[in-house]
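Heads up, the chain below is alone and in the form predicted alone; it's given as structure tokens.
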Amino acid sequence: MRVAIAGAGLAGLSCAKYLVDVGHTPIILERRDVLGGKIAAWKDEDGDWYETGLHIFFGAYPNLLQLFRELGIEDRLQWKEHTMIFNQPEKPGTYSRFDFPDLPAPINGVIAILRNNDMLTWAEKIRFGLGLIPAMIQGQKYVEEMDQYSWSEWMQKQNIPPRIEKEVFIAMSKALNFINPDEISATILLTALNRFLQEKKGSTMAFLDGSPTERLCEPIVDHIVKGGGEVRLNAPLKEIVLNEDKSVKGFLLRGLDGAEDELFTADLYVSAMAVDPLKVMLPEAWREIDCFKKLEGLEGVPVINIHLWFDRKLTDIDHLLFSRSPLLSVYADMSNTCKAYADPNRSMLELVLAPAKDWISQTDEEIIQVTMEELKKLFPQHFEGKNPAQLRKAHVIKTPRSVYKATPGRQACRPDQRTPIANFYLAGDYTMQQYLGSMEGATLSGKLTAKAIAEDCKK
């Protein structure tokens, strides 16, 4: 079967990879001139990479890690020490760690929490542990049911002290979905905690050894092309053209640079676009169908990724850091964490600004200025005195609509990969799968879409 896939993000690439593996012919149609969607990256005039986001690979990402194995590129993942590191705003320039010992789960996670005496008291640790018992015993069923509550509401319901939210979960909430605990669904954090506590290496983190576009997306494309598939860049979808029975007749591609529009036809069609452009592109004849109507309950959350190059080293930490800043979410010194970006003498910080709704319309200069003010609080020793650190250059990447905003009740709005339209399927981290809006979710969704197509073709 020829399968047309709109979108070359991880969902579309994953779908095409697994279709090729079972003998189908996928053709990916990407509107931009770059692979990756929400993990896209570019090179500037100096040859330095800048990325759409700060992308971390967890041990609890089985489908993504399997993809790396199948492509033979496991060595491109740079695994870090099994720990979680938080800045301490009340002690600028210092850090608090949750170090996981080499023991089975959940013992290693319990010990990591109990050993940390900087952020939580013993009474708070015990209260938090008791609050988590229902999730650990009842598993995913309980986790899914908690989608009716925000994280703040769930913590209150479990009688967990609010200071725990302030100390730990503001940072984690912003890292997972770029919003605060009073907005995020309890299902999101409980899903992450369940994976981290139930799997020995679930919370271990890895960085790619280079840009996601070059080190992950290109090997997937090579695999697809080798299997007979195709990837077309600069092929923007203008319209989903229908037959009289509401099935898809073809993808109308917008002609560029004066070229005529092209009706691209295939046997089957997949949208691997993010949910926001998909909603815009939906044909009028589909809009009242339940599968598509409930998409109105989903929308992407804004996020801003910032890259700052300095004239000296600000930190030697080779890991992700939770800033605990009211403005910044997580950050890393990529000159330490990433082989391709390594610099023994100068730092390149990659930072996530979240929540970003009040900043997405601001200028790059304003965003850089306010970020620098936050960094002066995190690294006072480098920005005070007669010879402060100097910013050499910066890049700001704005994504007005990133992963879907996971507020309470969104689980009911997530569609299956199959649709009521016989020749049309969905792939994307917003579709229903257990890993929510993430690289793992996108990869799994594409895999599930390919599986659905393979099963339907056999029928």
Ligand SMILES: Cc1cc2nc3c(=O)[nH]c(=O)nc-3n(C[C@H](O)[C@H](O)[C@H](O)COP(=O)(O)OP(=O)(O)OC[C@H]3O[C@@H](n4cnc5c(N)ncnc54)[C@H](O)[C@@H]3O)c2cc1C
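Position 1 is the first residue in the sequence shown; the rest follow in order. Fair warning: this is a prediction, and the values are worked out from it, not measured in the lab.
Below, we refer to the form predicted in complex with this ligand, which is not included among the displayed structures.
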Which of 407-415, 65-73, 386-394, 29-37 lies within 4.5 Å of this ligand in the predicted bound form, heavy atoms considered? The stretch 29-37
Only one of 281, 136, 126, 317 has a non-hydrogen atom within 4.5 angstroms of this ligand in the predicted bound form; which is it?
281
In the predicted bound form, is there a heavy atom of this ligand that lies within 4.5 Å of any heavy atom of residue 11, even though the partner is absent here?
yes
Taking any heavy atom pair closer than or equal to 4.5 Å as contact, tell me whether residue 151 reaches this ligand in the predicted bound form.
no
Examine residue 326 and determine whether its closest non-hydrogen atom to this ligand in the predicted bound form is within 4.5 angstroms.
no
Against this ligand in the predicted bound form, would residue 403 count as a contact residue? Criterion: heavy atoms within 4.5 Å.
yes
For the spot marked by 15, 229 and 250, is every residue within 4.5 Å of this ligand in the predicted bound form through some heavy atom?
no
Neighbours of this ligand in the predicted bound form among 50-64 [non-hydrogen atom within 4.5 angstroms]:
52, 53, 54, 55, 56, 61
